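Encoded as structure tokens, the following chain is the form predicted alone, with no partner shown.
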Amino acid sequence: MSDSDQIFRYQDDRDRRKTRRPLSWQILSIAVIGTLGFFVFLAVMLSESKDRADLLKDIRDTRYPVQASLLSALNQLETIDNNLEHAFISSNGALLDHSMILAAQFRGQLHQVMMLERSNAIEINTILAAFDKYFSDSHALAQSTISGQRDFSDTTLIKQANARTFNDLMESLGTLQTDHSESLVASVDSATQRASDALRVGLTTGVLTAVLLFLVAFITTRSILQRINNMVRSLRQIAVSDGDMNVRIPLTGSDEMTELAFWFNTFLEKLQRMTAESTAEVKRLAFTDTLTNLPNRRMFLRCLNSEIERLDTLQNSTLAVLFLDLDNFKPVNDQLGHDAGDELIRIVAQRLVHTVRGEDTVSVNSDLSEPVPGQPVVARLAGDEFMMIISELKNQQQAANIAERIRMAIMEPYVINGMECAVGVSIGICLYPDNSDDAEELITGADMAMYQAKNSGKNTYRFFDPALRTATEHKVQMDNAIKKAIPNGELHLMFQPQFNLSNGKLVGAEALLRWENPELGVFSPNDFIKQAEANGQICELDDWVMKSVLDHLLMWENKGIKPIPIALNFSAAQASRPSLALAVSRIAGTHKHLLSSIEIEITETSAIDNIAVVENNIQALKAMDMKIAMDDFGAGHSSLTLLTRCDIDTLKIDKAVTREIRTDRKCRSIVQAIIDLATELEVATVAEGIEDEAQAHALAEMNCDLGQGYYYSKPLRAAEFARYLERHRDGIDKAA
């Protein structure tokens, strides 16, 4: 007989027996008290819901559109300024036309804000008036420059005035946007406070209701104590039998307590079934990634250990552990949103499954806690990282073929929310038993190989090489050692002289940082500089270099040697450091007069991402009478932004282009163009990497100002360079 049949039969029997129910009124009292408490709580919650709905309507209809319009106006204002600046520099009329369109859009955005928030009308009109003047002046300046009608004698003053107006506009808009943002936050805080008050009221109501219910229940309990004792004896039997839910409470009598016992037994039967089902669900969740329904790391490790034990009994079988990390996933996630990113992860998971098997990995094995021998496993670790187990391979080439199939499958375009996007994948492969017979080491090896694939250009695969482990250990050793390099006195400077190409006289030098660890030996500057950038110690190294240069300049000055310009490199982090000027002033101390002999070298790429901060830092450093050089000009990414916005004194031409000037016509043309540009901007030029007389002569003919390289001198230790200065005391270019 089914549960429902038993229930219906019991109810029919109960209806035929017309017994008194002396407990009904007490139970009804409990229900009434509970209902009243519920309605009080419901009323409070409905009131809070209405307040919150009003707030959401205000945010949706007014505050959010105002925020969006102000942010859009800020972006458009920056774009207008960039267009006008580039139009002025490149004489591009199309940019002027585009700026007119953007200006109309900018005004439209502010008018929309004014329509939504009438209280801002005066401030918006003030901003619009200032914008119209700024735009008119900047547009006229660019237009007159393009048409060739501008007298350049007043250009700088006009541009400075426009720049100030632009900064005032940005500040006014930013302040307005911040005020609206703070207002929105205040409204949300107020709504949160009201919700907290409502919660307290609801909690108080619940407590009072509970107290009343307890009193009524206590009275009811006393009246049925004997029947309860019978039920307790039955429940005790369940408790002492280690949770055996097969025990049931005997049904005697025909009153409410008998009915309670019946329904309790029914509940116990359902609970028994639900417990069995929930146990299976908990086990599934413990071993499954909820987003993709693939095995998680715990399950993956269990499968891997199980498969290693199984393959120990077989011969000539190879197991491949693949570590996969998606390439270019973050831009897709940022541009399309996290929901789209999750959908992309799910599609990638499906492709991975169908690439190694024609069926779903999870559905084949409903009990994920029990690995299936020999079955390929696709697991998701976290984010955009996946792992695979491919078992019973005959050779390494089979693993390579699978990795290539995976790579091609992942590269196929994706259509998400109607938009097409693409990602790649970097794959690391570690083999059992060739590389290791330990599961954790196989995973670590595959991870190392994956990073090797990333460093090889991405969207490829690499097999684990024991040298990777050595390199990783060496990197960890270097990371630990570099933190102690300064206190242990392991750093020193080398100085490479710079010469005037026209007369061959010494004009200065470049300070180069070197590190020698007594245990690990000499490190390449490229290696330990990158490591210092990664662990956040690069600014400390830059400060040490500047202090050391100042110490040497002071020492040479005390020996009667006139200080010569010394160039030193600043990292990207140092160049964009907000407190750079204070740090330099602190390092110089009482010897700030020596700062005029220091030239700071920054690269184009180090400044381009933080141009505003770098520009301010350059102005502050030049106010201290320091010189600024743009290093490695012509190598890699190049931008004229740094030249146009920052007061640069020197362009250093990278050795990559000077090396081939005698044999490569294109290199020679590039170098000549750089020199001509520097001459036009009244900026000095320094050629790096001069290796022979012919290069020096060719650069001199191109009117390059200064040069350095092994043709003149290799980098010298501080003591050697001091003696070098003594020997060349009379040959130092006085104009340097």
Ligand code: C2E
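Note that this is a predicted model, so its numbers are computed, not measured. Heads up: residue numbers just count along the shown sequence, starting at 1.
Keep in mind that the form predicted in complex with this ligand is missing from the display, and what follows is about it.
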{"item": "Listed residue (Q496, S597, Q109, T288) with a non-hydrogen atom within 4.5 angstroms of this ligand in the predicted bound form", "value": "Q496"}
{"item": "Contact assignment for this ligand in the predicted bound form, among N83, S436, T444, N569, heavy atom within 4.5 Å", "value": "N569"}
{"item": "Any non-hydrogen atom of D631 within 4.5 angstroms of this ligand in the predicted bound form", "value": "yes"}
{"item": "E688: touches this ligand in the predicted bound form, heavy atom cutoff 4.5 angstroms", "value": "yes"}
{"item": "4.5 Å heavy atom contact, R514 to this ligand in the predicted bound form", "value": "yes"}
{"item": "Interface membership of F39, this ligand in the predicted bound form, 4.5 Å heavy atom rule", "value": "no"}
{"item": "E510, V545 and K655 all contacting this ligand in the predicted bound form, non-hydrogen atom within 4.5 Å", "value": "yes"}
{"item": "Contact stretch among 450-458, 617-625, 537-545, 111-119 - heavy atom within 4.5 Å of this ligand in the predicted bound form", "value": "537-545"}
{"item": "Contact set, 577-601 vs this ligand in the predicted bound form - heavy atom within 4.5 angstroms", "value": "E601"}
